[in-house]
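Next comes just one chain, in structure tokens: the form predicted on its own.
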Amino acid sequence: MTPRRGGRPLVPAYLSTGGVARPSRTHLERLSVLTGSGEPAPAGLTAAQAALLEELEYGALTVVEAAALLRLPVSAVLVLAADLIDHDLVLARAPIPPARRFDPDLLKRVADGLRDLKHR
């Protein structure tokens, strides 16, 4: 993809996916973590697929991080990643779930206990 002055790629994003609009893997999310499988890249990869594999050589990335580095929409990277997963070139794992919220009552009791210790 050739960048131009406005910072936007000259090639439309849907062409980077070969015109495919939906990923073959429905479990992929924006925060799914992608890593390279270590398999050698076969000939015939598209430029966008090769670029994604190249970025994954440096370590794991979430889908949104890869999209930012490749300057592609997240939807396009989801399609690219799913295709590379289908060819055993990329591994994906579910995003790390957000931590559960703290119990406000527990936080209040801890704060009260700390205040009591301070005043002794």
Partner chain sequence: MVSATSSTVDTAAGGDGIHLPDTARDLVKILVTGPFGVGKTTLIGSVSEIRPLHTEEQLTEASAQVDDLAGVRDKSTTTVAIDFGRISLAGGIVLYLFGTPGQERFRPLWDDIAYGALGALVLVDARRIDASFDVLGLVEETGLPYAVAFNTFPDAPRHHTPEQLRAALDLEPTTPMVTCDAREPNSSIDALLALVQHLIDHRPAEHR
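As the structure is a computational prediction, the values presented were derived from the model and not from experiment. Numbering follows the first chain given and starts at 1.
Keep in mind the form predicted in complex with the partner chain is missing from the figure; the text below concerns it.
Of the heavy atoms in residue 68, some are within 4.5 Å of the partner chain in the predicted complex. In the predicted complex, the partner chain sits within 4.5 Å of a heavy atom belonging to residue 33. The partner chain in the predicted complex is not approached by residue 44, whose heavy atoms all lie more than 4.5 angstroms from it. Residue 73 belongs to the set of residues with a heavy atom inside 4.5 Å of the partner chain in the predicted complex. Applying a 4.5 Å heavy atom cutoff to the partner chain in the predicted complex picks out 55, 57, 58, 59, 60, 61, 62, 64, 65, 67, 68, 69, 73, 74 from 53-77, in order along the sequence. Annotation for the pair residue 102/residue 94: C-alpha atoms approach each other in the predicted complex, by 3 Å or more compared with this form.
Compared with the form shown here, the Cα atoms of residue 58 and residue 99 sit 3 Å or more farther apart in the predicted complex.
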